[in-house]
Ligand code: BES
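Okay, so here's just one chain, in structure tokens, the form predicted on its own.
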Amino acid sequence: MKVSVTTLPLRELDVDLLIVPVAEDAPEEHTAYLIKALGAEVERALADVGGKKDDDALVYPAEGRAKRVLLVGLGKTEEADAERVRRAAATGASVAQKRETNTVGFVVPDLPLEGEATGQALVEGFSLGSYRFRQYKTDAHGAFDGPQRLVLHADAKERGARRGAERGRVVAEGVNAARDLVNLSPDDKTPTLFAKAVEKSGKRCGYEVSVWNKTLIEEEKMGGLLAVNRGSQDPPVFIEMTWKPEHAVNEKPIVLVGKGVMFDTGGLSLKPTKNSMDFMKADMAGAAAVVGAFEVIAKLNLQLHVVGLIPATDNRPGENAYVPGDVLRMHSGATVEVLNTDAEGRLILADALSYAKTYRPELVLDLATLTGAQVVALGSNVAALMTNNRDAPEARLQALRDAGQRSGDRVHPLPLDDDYKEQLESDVADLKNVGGKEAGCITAGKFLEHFVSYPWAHLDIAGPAFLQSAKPYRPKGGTGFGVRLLVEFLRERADPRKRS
């Protein structure tokens, strides 16, 4: 979809659908401007909508060149943050899809937000709300594939809106790329096929990719990854991704680690199918988010040295599968007693986190659909955030929370107090891979903490990564959660003014 910004008079904007976000307390001169440009039909619709949050009205104006006008309420101006704008834009995307409109325009609303943030939110919300996954639909040929052109009508904020619109387009592309990876059939994303997809992404977007085969993984002694893979017919891979621009502001890299369990049956601790195993093609959503984020980082030419690590396998109950009672020797040298083969994600992440030490990282962030306990604690709107007590942990938590609020990928901190270690004590090994029923999300994070020796944060995205019913601009299925969060956090981190 082509995105542009124009300062043409509003009545001259020739589009199939013009979307007008309006605040409940919009100034009279703004509504008068809309009425003058678009006619009496819009005046009557404005009276009906009144700018109330999530209200909308579609009208066919007698004046101006726009064929249809959609008014979407934002609520009160002071409450109209970027997320409200995204939701309004997603409402517009839904109408555009239903009416099969090829060209869509937006009137950039006058809000306390900067024009750049408003432009980005409009394009993000519309692009994410327009997403459809049709790869396996046999009748998809000839079906409406969404609008081809999106035009933002701006005035004094034109320069900022233009920058924001372009960034919104790139970010949405990265999110939708992650959604596509999650939504793929497991048969089309074995570890080897997934690695090939990442290599293609790297060539297309300009970042480097290196893929280890099973022999290299064995040489590196990644006991967790190898154990989880034992029941599979497909070999594991370990993917390294590198973005290192010439003028990067950081000497030591920031490392992103994504859990890449391509499909999770639970292994010998077999999952029930309904509402459990039937969604486990999404157990690689952390890996998909890292790939999507790398695409955005490279396209935006972010001046930050970033490394991505993805341990990739599936978890199946094959004849050589690892079993409860096995003791594994991990990459770090630590031993782990397996009590549940369905707690496999933490095993492959532990090896990747241990290996990340070789980079002497400034910071490591991991993303994983790690526990059902996260869903119980925080639901499907907010991810769990945990960090270790190194190098200003409170500032790190706040920076990630702020990035989540700005981006719409919200996170909430949970404690990693040492008391939780007791639940991981093993009679026969250094630790066990499950901590019991209580605080399952936290004990999983505490397990991972055992393998890090640098500033680190863990994001359990199990709930928001894959939805069973659609939300405003998050579709049913893979959501691409984490891409916007990572990009926003790294954009802030790349700003030299924020690092001095």
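Note that residue numbering follows the sequence shown and begins at 1. Model, not experiment: these values are computed from the prediction.
This protein has a second form, the form predicted in complex with the ligand, left out of what is shown; the following refers to that one.
- A heavy atom within 4.5 Å of the ligand in the predicted complex is found for one listed residue only; from 186, 235, 206, 372, this is 372.
- Residue in contact with the ligand in the predicted complex (any heavy atom within 4.5 Å), chosen from 259, 281, 86, 179: 259.
- From the list 99 to 107, 388 to 396, 122 to 130, 342 to 350, the contact stretch for the ligand in the predicted complex under a 4.5 Å heavy atom rule is 342 to 350.
- The candidate spot formed by 291, 364 and 491 lies out of contact with the ligand in the predicted complex, as no residue has a heavy atom within 4.5 Å of it.
- Taking non-hydrogen atoms only, residue 271 approaches the ligand to within 4.5 angstroms in the predicted complex.
- At the 4.5 Å threshold, heavy atoms of residue 295 stay clear of the ligand in the predicted complex, well away from it.
- Under a 4.5 angstroms non-hydrogen atom cutoff, the ligand in the predicted complex has residue 462 among its neighbouring residues.
- In the predicted complex, the ligand stays beyond 4.5 Å of every heavy atom belonging to residue 409.
- Using a 4.5 Å cut-off on any heavy atom, none of the residues of 102 to 139 reaches the ligand in the predicted complex.
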